[in-house]
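Only one chain is shown below, in structure tokens, and it's the form predicted on its own.
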Amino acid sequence: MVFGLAAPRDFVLKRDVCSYGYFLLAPNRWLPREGALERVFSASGRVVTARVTQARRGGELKVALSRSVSKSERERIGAGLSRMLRLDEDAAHVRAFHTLDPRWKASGRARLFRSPTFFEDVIKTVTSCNVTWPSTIQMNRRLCEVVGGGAFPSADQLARTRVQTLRARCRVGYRDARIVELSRMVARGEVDPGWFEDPGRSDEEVRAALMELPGIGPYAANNILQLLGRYAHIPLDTESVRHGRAVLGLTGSAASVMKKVRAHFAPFGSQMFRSYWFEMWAHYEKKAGPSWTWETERTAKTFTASGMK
């Protein structure tokens, strides 16, 4: 089964997929040689793999499914891919960012890869806190294999999973109970993804609500904000300190460097995160090569060897 997705005229699949680390996390798989994104979804209780390719810049995206699905499932998969690739961010949206930070105009960088659902973005953020990148890769792979049957587990599936299973088999460590509690809240309707994705709400209102969720602290809340398309906050962590010292030449304690990093990017206002992230991403590429050449296992080793998170 094959269908198409319309893309903004400046959209480049390899650049816009390989723009944020979640493209390397299961059940996503980037194929550097083919320039294709594969993503496993669950449809009617069975897994289906969507393979996304693009023949030319701004051209329609071709989505090939590994098996036939119903029209409603196809539409759901299409909507998930559109969210992942931020196909709603048109050329005008991109120009607005480049006006504030013209450093990225030549490369066209602006869109940041994310997950097909708010719930998955939240869980992946939880698995990226206080841990090395190889461990984040492992946690997400195991969540898909053990709980999701190959796809990323739904809130209902994780809500029914024993805490001990998450710790022992998925190796999520202290996050086990928080993941189950959060999943139960979503499954019961106590957390409404639509509320968080409503563009009419202020950043402050959404951030405060995120901070009320299990396992979500300041770093996680700021990261989820950017995944929601709200770029005025920076999730500061040890990588921010590393970047501040290695790239910006900042000195002082870790806390002092974090404050200086925030101040350095503050002039970019509503686009602060994107300016920060693409600068950091460019530094990563100096270590590991262009991001569209990365493969999950090799990149994890490169990051570990170079001391990056």
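The shown structure was predicted, so the numbers you read here are calculated from the model rather than taken from an experiment. Each residue number is its position in the shown sequence, starting from 1.
Below: the form predicted together with the DNA, not depicted.
- When the DNA is considered in the predicted complex, Pro199 lies well away from it, no heavy atom lying within 4.5 Å.
- The DNA in the predicted complex is approached by Tyr174, whose closest heavy atom lies within 4.5 angstroms of it.
- Using a 4.5 angstroms threshold between heavy atoms, Gly215 counts as touching the DNA in the predicted complex.
- Proximity of Arg167 to the DNA in the predicted complex falls within the 4.5 Å heavy atom cutoff.
- For the residues Met84, Leu158, Ala220, Val94, the 4.5 Å heavy atom test against the DNA in the predicted complex is passed only by Ala220.
- Comment: the DNA is not present in this chain, but in the predicted complex one of Ser107, Thr99, Thr238, Ser72 has a heavy atom within 4.5 Å of it, namely Thr238.
- Per the 4.5 Å heavy atom criterion, the DNA in the predicted complex is contacted by stretch 125 to 133, the sole one of 85 to 93, 144 to 152, 125 to 133, 112 to 120.
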